[in-house]
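In the form predicted alone, a lone chain appears below as structure tokens.
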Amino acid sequence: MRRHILVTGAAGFIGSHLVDRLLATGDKVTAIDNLNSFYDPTLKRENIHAHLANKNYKLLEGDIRDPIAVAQAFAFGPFDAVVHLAAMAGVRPSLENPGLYMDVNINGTQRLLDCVCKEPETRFVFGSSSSVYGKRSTEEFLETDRVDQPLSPYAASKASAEMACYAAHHSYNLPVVALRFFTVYGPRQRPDLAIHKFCKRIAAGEPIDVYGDGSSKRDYTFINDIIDGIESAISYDCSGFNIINLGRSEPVILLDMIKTIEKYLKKTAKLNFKDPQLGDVPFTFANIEKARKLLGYKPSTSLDQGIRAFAEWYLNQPLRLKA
């Protein structure tokens, strides 16, 4: 049966890949995105270029903080699910403008919840972040771990939005799935994120900044695996509130990730070591047993395969799109 899904942040990295998948399976998609200038809007419009010709796709250019824009989006419902991916993203930029991050990521989320709670058959899937876990050392991150010591306004805003989702579930019996994404990468990745930024600078023969000694570890997760998890979260049997990690569960040392980029660009990186940055965490490691059990989640893309796919995509981009 064809579903009708509302996707916020639908022109972004994860959102546009999700829309690709939903349209390919015959679902109907209503998309909302403000196409802001956090990074070049040309890249976002390129992400959705193919969607615009699909009869099952409708785009609304609007801000999730705007009650009129959100009401207009919900007027196209009812929806089987709302997948909320719109956000001000990034740890470091949040340190420069924390108020904006709180406004968009908390108040914008609440605007959506105000509407979706009036739709008794609609599920709310919230795109959260591994940053809510704060600073850890070597152990796996479990969904039951405390998340009350965020290291950045971005992390605090995501943890707060999760709590708003729980309050909506408790008060209105709204089915909610909060997905904590771990370092998502792949084609269309935002240009400010490490793999994209490193690829661009290495390809150009420019030095890359490495914060710390290069021994930090991240649970890098390829976009296709994340989309598998979101799609399962839309459709699995859920009537309550669940927080679920989506990662690969194989942390990789930063310098090893850089070596993999070098391998597929066939170039050697020039490393500029700098002091660790405020807000950064040294380690992420997703325990994904809950995702396996509830969603049938099976991440299948190794870092080597994923970096190869990203490098091929980047090298094949027209010059005008190489942000």
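The structure presented is a predicted model; accordingly, all values stated were derived computationally and were not measured. Numbers follow the displayed sequence, beginning with 1.
Separately, the form predicted in complex with a small molecule exists; it is not shown, and the next lines address it.
Annotated contact segment (heavy atom within 4.5 Å of the small molecule in the predicted complex): 31-39, selected among 286-294, 264-272, 250-258, 31-39. The partner is absent here, but in the predicted complex a heavy atom of 87, alone among 156, 199, 87, 233, sits within 4.5 Å of the small molecule. Taking a 4.5 Å heavy atom cutoff to the small molecule in the predicted complex, the contact residue among 163, 203, 71, 193 is 193. At a distance threshold of 4.5 angstroms between non-hydrogen atoms, residue 229 is out of contact with the small molecule in the predicted complex. Using a 4.5 Å cutoff between non-hydrogen atoms, residue 104 counts as a contact of the small molecule in the predicted complex. The shortest heavy atom separation between residue 245 and the small molecule in the predicted complex exceeds 4.5 Å. In the predicted complex, the small molecule lies within 4.5 Å of some heavy atom of residue 13.
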